[in-house]
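Encoded as structure tokens, the following chain is the form predicted alone, with no partner shown.
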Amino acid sequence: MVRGTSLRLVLALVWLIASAAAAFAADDAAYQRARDNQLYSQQGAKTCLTCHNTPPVNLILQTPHAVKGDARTPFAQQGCETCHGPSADHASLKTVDGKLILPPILFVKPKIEGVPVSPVEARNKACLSCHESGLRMNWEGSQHQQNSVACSTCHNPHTPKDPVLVKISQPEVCFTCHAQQRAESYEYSHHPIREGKVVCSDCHNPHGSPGPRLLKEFTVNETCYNCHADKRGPLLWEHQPVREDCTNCHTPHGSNQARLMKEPLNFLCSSCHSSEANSSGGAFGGAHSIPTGPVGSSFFAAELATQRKCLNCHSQIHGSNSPSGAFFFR
């Protein structure tokens, strides 16, 4: 008898919870319909700015988005509602079950319990309705898009100087997610990112790229050659690892070795030029690739080789146009 009573109580409790959940879901659905089926405000941005007239919201008036004379801008169309969606009921302070009806698209989570920020797809769709060409043409399928990064994660359209578009502040925006690259930028040898001379977008296109790692060009080398044109060639004598991929020897974001090298220079060279690495013979591998033998002989002591740098002699390591430059000597 007791067991039967307990079972009925449990079933009743489950029914109550299910009924409450269904009621909340119905309320949420009604609220969402109200948000999604609003009309545009009659006075556009002027209506919005009646309430939203303090920084950082009203700073949009100092940005290109607010230029009414340019038909491509939001303010030349529906004002704030071009991006946030029709919001006449919101402007009229209408409510559903005591909750203020909000605009259909929210780029920042509002201070209202139970109302989240809009989905990434909805936010990005608003931005891509205008910004879908040029550098952004490869956004669909890019690493950032596949990892649900929203445009508003990096960009702030309400500020006169969007931090990600300003050279000195752009890296800090990227470092928000890319902590490993932040750490590498503090290492002994690094690209002058913190000095404000190079920024992430000099090499990468965050909106998508046909190349690897969101690089601006199709290959690593093509990207590097944009600045390091003297390494491009064509050269009479070419160093194969250089032509294959600059990152065979260099790490681009930072290194504790000089010249962004991946490891101490002689260790790096001997990873290919050693008797164990290959058996091609001569300077390109095999027994004589790293000098050995007694001092004074044609091959000097290995101790001397490891204490001196290979580049002391092979200074044209990226390639040479000298007729006698097969071994990349001076």
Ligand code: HEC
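One rule holds for the numbers: they count along the sequence shown, beginning at 1. None of these values were measured; they are calculated from a predicted model.
Below, we turn to the form predicted together with the ligand, even though it does not appear here.
- In the predicted complex, the ligand sits within 4.5 Å of a heavy atom belonging to residue 231.
- Among residues of the shown chain, residue 176 is one whose heavy atoms approach the ligand to within 4.5 Å in the predicted complex.
- Taking non-hydrogen atoms only, residue 52 approaches the ligand to within 4.5 angstroms in the predicted complex.
- In the predicted complex, no heavy atom of residue 235 sits within 4.5 Å of the ligand.
- If you take 131-147 and check each residue for a heavy atom within 4.5 Å of the ligand in the predicted complex, you get 131, 135, 136, 139, 143, 144, 147, in sequence order.
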